[in-house]
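Okay, here we've got a single chain as C-alpha cells, the form predicted alone, with questions on binding and movement later.
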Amino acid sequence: MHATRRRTNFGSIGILYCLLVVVVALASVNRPNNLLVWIFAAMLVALLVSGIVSGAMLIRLRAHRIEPRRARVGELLVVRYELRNAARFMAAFDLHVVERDFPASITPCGEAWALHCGPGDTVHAEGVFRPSRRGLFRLPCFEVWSSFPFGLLRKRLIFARVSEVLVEPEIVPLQPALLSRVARGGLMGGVHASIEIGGGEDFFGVREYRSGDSVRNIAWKRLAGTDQLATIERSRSVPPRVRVVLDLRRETSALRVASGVDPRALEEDAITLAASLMALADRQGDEFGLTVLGLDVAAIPLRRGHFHRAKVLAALAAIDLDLPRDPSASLRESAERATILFVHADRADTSVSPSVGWNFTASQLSTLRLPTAHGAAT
C-alpha cells in the first residue's frame, strides 16, 4: 500500500541540535575562526545527510495493516503490520509504526518496530494495545516513521487504511457451581433425553427392521409375538441447556439506580455478566443461547462450540446502548427445554420472566465472580 502523505518534522533531539547549530553559527560570525567554521559546516552537513538518508530509504517503502478482527476487554490486542521495501539497493532502518486518531478506549501498550528491512524484503511488526470498552471501533490510518541515521529529522509516511475491530465484552470468571445449581441440579435436572432420535440409552420407539441395523437393537419380544424383525430406537441424550435473556428494555436514563451510580456502567456490567454466564456454560459443555429484550437483536438458538461462542460474543459486542428501546418487549413462548437466566441492568423484573426462570442483576457481578487467589488468602 502506497503512502498517502509524507511529512518531515524535528524531534526533541533535532530541535536541540538546531539550536546548537545557531549558537555555533553566531559564534563563527562574531569571531571568525577556522575551527568554528569547520564545526558549523560539519553540523550542517550532518543535518543535510540525516534528511537525505531518512527520506531516500522511505521513498519505496510500502506498508499494510493486517486486519485485527476481534479483541476483548481486559485482554491484549495485537495488531500486525506488513512492511515491504520495494527499493532495489537501499535498505530501511529503525522503522516505527504508530496508529493515528486511535480510539481513546484502546490504550497503546507496545509500539510496533522493525530494526531493518532490506531491499526487496518484507518484514512484520506488531503493536500491542489494551481495549477498555466493548464495541465496534474504526482504525482510520497509521504512519511509519524513522529518524535514522542521527535522530535529528523524523520522516513520516501516513497510510490511509481504514480497518474495523470488534471488541467483545469482558469475560469474568464466575463460580463453577453457579450453573450446576440452576441448570444441572435445578430446573432441568442435568443431562436429559431429547425428542429426537439418537444414540442414547433411553427408549424412544420401535420401527421395522432395516438392513444394517445392529443386532443389539432388535426387539426380541416383538419378534416372538409377530415373527417380524423390529428395531428399538433410542433418544438422543443432550447436555443441560441455558438461555440467557438480557433485559435492556428501559432507557439508560430510566434505570432505577441509587444516587451516585452510573446507569450506563450498570448496563455494561449486565452485558459482561451475560457474556460470562455463556462462557461458563461453554466451558462446562452446556448448550447456550442468547435473547436480548428491548433492542433489535435476533435471538441466537441453543448451540455450543467455539464458533457459536464467537457468534454470541459478537452479538453482545455490537449492542448499541444509544438506540431507542422497546419497553413492551417480552420473551416469546418456545418449546425448547432450557433453563432461562434473566440478566437485568437495575432490578429484577418478574413481569417479563416466567416463574421457572432465574433472575440476576448487574450489581451481583462482583458476588458471582470467582475469588482470586489473593482474595481468598485475605
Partner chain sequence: MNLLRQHRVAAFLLVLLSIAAFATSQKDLVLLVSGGALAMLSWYVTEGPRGRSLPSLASNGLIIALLAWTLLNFLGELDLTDSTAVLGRFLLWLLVIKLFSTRTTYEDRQRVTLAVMLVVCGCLETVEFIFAALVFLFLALSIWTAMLWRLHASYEAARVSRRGDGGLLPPPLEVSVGRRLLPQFRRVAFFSIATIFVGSALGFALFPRFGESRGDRSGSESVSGFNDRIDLLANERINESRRELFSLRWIDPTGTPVKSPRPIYLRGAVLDRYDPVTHRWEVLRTSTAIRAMRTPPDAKFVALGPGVPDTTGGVWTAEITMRSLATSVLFTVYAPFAVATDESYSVAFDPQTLLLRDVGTDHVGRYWWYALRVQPQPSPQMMETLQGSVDPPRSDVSFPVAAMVPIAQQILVAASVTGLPTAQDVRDDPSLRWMRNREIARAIAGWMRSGRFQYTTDLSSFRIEGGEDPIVAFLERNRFGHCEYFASALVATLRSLGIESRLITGFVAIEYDGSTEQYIVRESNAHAWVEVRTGERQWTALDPTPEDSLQQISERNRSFADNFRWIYDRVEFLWNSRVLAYDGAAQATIADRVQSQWWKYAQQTLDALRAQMRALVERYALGRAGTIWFSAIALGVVTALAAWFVAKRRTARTHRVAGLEALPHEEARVVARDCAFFADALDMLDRAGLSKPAPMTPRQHAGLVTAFAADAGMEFARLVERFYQVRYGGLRQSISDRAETRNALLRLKSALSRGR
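Positions refer to the first chain, counted from 1. What you see is a predicted model, and the numbers here were worked out from it, not measured in a lab. Only the largest set of C-alpha atoms that superpose within 1.5 Å between the two forms is called the rigid core.
Beyond what is shown, the protein has a form predicted together with the partner chain; the following relates to that form.
Arg210, Arg216, Arg88, His306 - the one with a heavy atom within 4.5 Å of the partner chain in the predicted bound form: The residue in contact is Arg88.
Heavy atom within 4.5 Å of the partner chain in the predicted bound form - residue from Pro103, Pro263, Gly151, Gly135: Among Pro103, Pro263, Gly151, Gly135, a heavy atom within 4.5 Å of the partner chain in the predicted bound form occurs only for Gly151.
Do Leu323 and the partner chain come within 4.5 Å of each other in the predicted bound form, heavy atoms counted? Answer no; every heavy atom of Leu323 is more than 4.5 Å from the partner chain in the predicted bound form.
May I ask you to state whether His124 is within 4.5 Å of the partner chain in the predicted bound form, using heavy atom distances? So His124 counts as contacting the partner chain.
Is it the case that Val45, even though its partner is missing from this view, gets within 4.5 Å of the partner chain in the predicted bound form, heavy atoms only? Contact with the partner chain, yes.
Contact flag, Thr291 vs the partner chain in the predicted bound form, heavy atom cut 4.5 Å: Thr291: no contact with the partner chain in the predicted bound form.
Using a 4.5 Å heavy atom cut-off, which of 91 to 99, 172 to 180, 248 to 256, 277 to 285 contacts the partner chain in the predicted bound form? This holds for exactly one stretch, 91 to 99.
Is it true that Ala25 shifts between the shown form and the other one by 2 Å or more at the Cα, once the core is aligned? Comparing the forms between the shown form and the other one, which are aligned on their rigid core, Ala25 does shift its C-alpha by 2 Å or more.
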